[in-house]
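As structure tokens, one chain now follows by itself in the form predicted on its own.
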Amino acid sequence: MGKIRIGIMGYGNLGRGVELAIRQNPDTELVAVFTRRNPADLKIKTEGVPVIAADKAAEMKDKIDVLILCGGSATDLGVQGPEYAKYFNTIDSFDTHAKIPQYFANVDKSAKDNGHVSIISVGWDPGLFSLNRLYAESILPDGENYTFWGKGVSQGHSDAIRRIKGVAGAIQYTIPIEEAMDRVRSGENPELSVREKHTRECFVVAEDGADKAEIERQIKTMPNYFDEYDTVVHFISAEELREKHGKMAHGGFVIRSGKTLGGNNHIIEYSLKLDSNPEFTSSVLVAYARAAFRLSQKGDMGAKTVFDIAPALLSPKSGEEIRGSLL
């Protein structure tokens, strides 16, 4: 069988990460990068692969097995997900948790109407953390799930800030509150609001003449992103942003604290520590691209989430190899 032919829609941090991940997976190959910028101005790392204007993507529908959508959730994916599911099997990292049900419905209709598989909200949260919440809740039904993110850079939140008028650049750090984590790990099972679990710290470069007070107001009141958190906004120079905030480390914890009927307490904890959020997320996207291709080959269609994907579909190994080495 030939390699899985992958296209990348968008060549920001995530798109560049997907390109690197494809090079680490011998059963995949990059066949095109699509951009809303001038294609002639974009230099990618893979020789011989064309860079094509985004509005020409549909013309490549017969040459791509899976299109990985690398836009942001704030303004891109809500439109791109249903649109590109008309022409391709797709993978995306839509991460606005409150809007996932409606987004799933929109993509599901488009994918089913056109005979494609679209796996949405792939990454580590939503994604791998979602799976661990489900596993833990199923195993310990009498208990509570707790998710802590950071300290690290949130790509989605940073992107949302950069979309605000007057913002020239920005990075956002999600910071877990240690006291809250200690209470969870002790088995206390506390009721915690989002404000009690995390703070958010933003470093923003404003355009010349921009209204900084208005930018700060829009950040702190942004629904689904900042309005429920204690948020600190720092205005800095472009040079400081580049020199001090260039790395995109992240990570976090999923903790399930529960009891069994014998009266015993149990803690399930899953954690990630990532040097590069976009490179790790991209690696997850490529693994799920493999799954989307395999499902499509079997005639499946419609939107899926990580909950619907059998783990074996993610691996390039055969079932026999997996059972022999990992079970």
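Computed from a predicted model, the values in this text were never measured in an experiment. Residue positions are given as counts along the sequence shown, with the first one as 1.
One more form of this protein exists, namely the form predicted together with a further copy of the same chain; it is left out here, but the text below deals with it.
*Asks:* Of the options S138, S193, S237, T221, which one has a non-hydrogen atom that comes within 4.5 Å of a further copy of the same chain in the model of the complex?
*Replies:* Residue within 4.5 Å of the partner: S138.
*Asks:* Name the single residue among I171, V205, L131, A74 that comes within 4.5 Å of a further copy of the same chain in the model of the complex, judging by heavy atoms.
*Replies:* Exactly one residue meets the criterion: L131.
*Asks:* Looking at a further copy of the same chain in the model of the complex, is some heavy atom of each of H266, F280 and L327 within 4.5 Å of it?
*Replies:* Checked in the model of the complex: all three residues contact a further copy of the same chain.
*Asks:* When the contact criterion is heavy atoms within 4.5 Å, does P311 count as touching a further copy of the same chain in the model of the complex?
*Replies:* Looking in the model of the complex, residue contacts with a further copy of the same chain include P311, since a heavy atom lies within 4.5 Å.
*Asks:* Does L272 make contact with a further copy of the same chain in the model of the complex, using a 4.5 Å heavy atom cut-off?
*Replies:* Answer yes; at least one heavy atom of L272 falls within 4.5 Å of a further copy of the same chain in the model of the complex.
*Asks:* May I ask you to state whether Y229 is within 4.5 Å of a further copy of the same chain in the model of the complex, using heavy atom distances?
*Replies:* Heavy-atom contact with a further copy of the same chain at 4.5 Å: absent for Y229.
*Asks:* Check whether F34 has any heavy atom within 4.5 Å of a heavy atom of a further copy of the same chain in the model of the complex, and answer yes or no.
*Replies:* It does not: once a further copy of the same chain is placed as it appears in the model of the complex, F34 has no heavy atom within 4.5 Å of it.
*Asks:* So which stretch, 47-55, 34-42, 284-292, 63-71, is the one near a further copy of the same chain in the model of the complex (non-hydrogen atoms, 4.5 Å)?
*Replies:* Only one stretch passes the 4.5 Å heavy-atom test: 284-292.
*Asks:* Going by a further copy of the same chain in the model of the complex, which residues of 142-165 come within 4.5 Å of it through any heavy atom?
*Replies:* The stretch 142-165, when checked against a further copy of the same chain in the model of the complex, contributes D142, N145 at the 4.5 Å heavy-atom cut-off.
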